[in-house]
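Here's a solo chain for you in structure tokens, the form predicted on its own.
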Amino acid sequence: MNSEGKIGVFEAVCLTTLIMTNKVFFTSIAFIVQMTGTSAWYTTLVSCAASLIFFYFLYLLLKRFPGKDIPQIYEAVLGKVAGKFLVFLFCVFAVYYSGSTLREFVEMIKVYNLPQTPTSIIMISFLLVAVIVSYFGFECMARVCAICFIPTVAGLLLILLLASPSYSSNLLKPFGGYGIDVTLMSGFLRSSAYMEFTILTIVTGAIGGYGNFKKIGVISILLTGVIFSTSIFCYLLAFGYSSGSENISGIFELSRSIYFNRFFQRVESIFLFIWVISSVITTTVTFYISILIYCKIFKIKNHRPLILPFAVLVFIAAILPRSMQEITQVNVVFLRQYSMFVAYIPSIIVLIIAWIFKKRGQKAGA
């Protein structure tokens, strides 16, 4: 089978946290403010709690089949045909996710920085980076994430800190947002915004098994919840819920509001640095995972011959939406609100089937 190498807990936490928090640079903040009003900053904590519950079910599934990853478990429980078909759907979803993320980033950077540059040129530039990094495999990818993680989080915190003179606590009122029922329902549905930890179920061999999966998943989800909640909290302090629901990129707008004097203003360059890095990494990791899933389905040892064909597929998925409006109203809503039915529910159903028919793997050394 394809070898993903070995990575440590710190590298895995950096990888999953960086991918999950990448959404904070896109339309997610304005979208959740639009849905829940001033309660957006703690609505995401409801999503975090729901994600931890879903994560626990996935952990139980991996624990029941020690030494196996999700594709192998699906085949063991559902049989080869049904198992491979279900895993193949994950592969298609990963291609779609990678393409949508790439297109959302390209559309936004065209709005703010590169209005005259053709969309296809920016997309090909990004995909070229994804192709090169994917050529060297998952271990290389995790090392890059470990290097980029701390500068990215530090840059984000710096923007939130520098924007503090424009904060007003009155903009957090009314504290209940649009009501507790809206907060709970939106928070539960938007648990999909944390679904990227499921990538770890594909590379359990690389992270050291289900024991490390539990540790990495819990740390990543909690860390992401804190970053999400803090970012939305600061954003609401600066813009409130009325104008805050209209911005395309909340953090970018926050960085533009920073002004101390004529010599210290417009620090968007910090934002652009962390924005581009996190977006490239997210596109690259999901691009590579789609190839890896395909390799696992058809037991292909070398992933490199598949890199260019999958790059073409991701490019097609990215170019399909006709406009930014279609991306935000269709792709983003599906990915951040309903993809839980793709990422979580199938694994929970497989776990229930394994319980009913008493299927389980063999313990190591048994």
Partner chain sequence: MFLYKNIFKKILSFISYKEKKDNSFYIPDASEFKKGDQQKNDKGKAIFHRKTKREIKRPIPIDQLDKCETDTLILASEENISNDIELNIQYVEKCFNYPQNSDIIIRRLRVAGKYKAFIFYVDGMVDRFTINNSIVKPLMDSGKFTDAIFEELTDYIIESVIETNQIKKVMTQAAAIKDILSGNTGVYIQGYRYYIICETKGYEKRSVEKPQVEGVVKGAQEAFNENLRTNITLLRRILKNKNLTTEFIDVGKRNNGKCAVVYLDGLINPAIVNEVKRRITGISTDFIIGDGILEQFIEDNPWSIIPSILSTERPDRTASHIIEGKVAILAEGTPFSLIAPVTIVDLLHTPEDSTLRWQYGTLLRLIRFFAVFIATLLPGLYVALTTFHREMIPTDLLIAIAKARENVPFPTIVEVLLMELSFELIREAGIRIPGIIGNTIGIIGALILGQAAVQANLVSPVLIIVIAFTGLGNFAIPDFSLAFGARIMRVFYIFLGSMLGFYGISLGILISLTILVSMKSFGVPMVSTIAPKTGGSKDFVLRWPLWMQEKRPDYLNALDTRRQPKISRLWTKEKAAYNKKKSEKGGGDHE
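Please read all numbers here as calculations on a predicted model, not as lab measurements. Numbering follows the first chain given and starts at 1.
Here the subject shifts to the form predicted in complex with the partner chain, a form of this protein not shown in this document.
Residue contact check for Pro309: none of its heavy atoms lie within 4.5 Å of the partner chain in the predicted bound form. The partner chain is not shown here, but in the predicted bound form it comes within 4.5 Å of a heavy atom of Asn113. Under a 4.5 angstroms non-hydrogen atom cutoff, the partner chain in the predicted bound form lacks Trp355 among its neighbouring residues.
Put simply, Thr117 is close to the partner chain in the predicted bound form: some heavy atom of it is within 4.5 Å. Here is the short version: of Ser164, Ser269, Ser242, Asn170, the single residue with a heavy atom within 4.5 Å of the partner chain in the predicted bound form is Ser269.
Site annotation in the predicted bound form: the residue of Tyr96, Phe126, Tyr294, Tyr210 reaching within 4.5 Å of the partner chain with a heavy atom is Phe126. With respect to the partner chain in the predicted bound form, the three residues Ile109, Phe273 and Pro305 uniformly fall within 4.5 angstroms at the level of their nearest heavy atom. Contact annotation: the partner chain lies within 4.5 Å of heavy atoms from the stretch 141-149 in the predicted bound form, the single such stretch among 88-96, 185-193, 210-218, 141-149.
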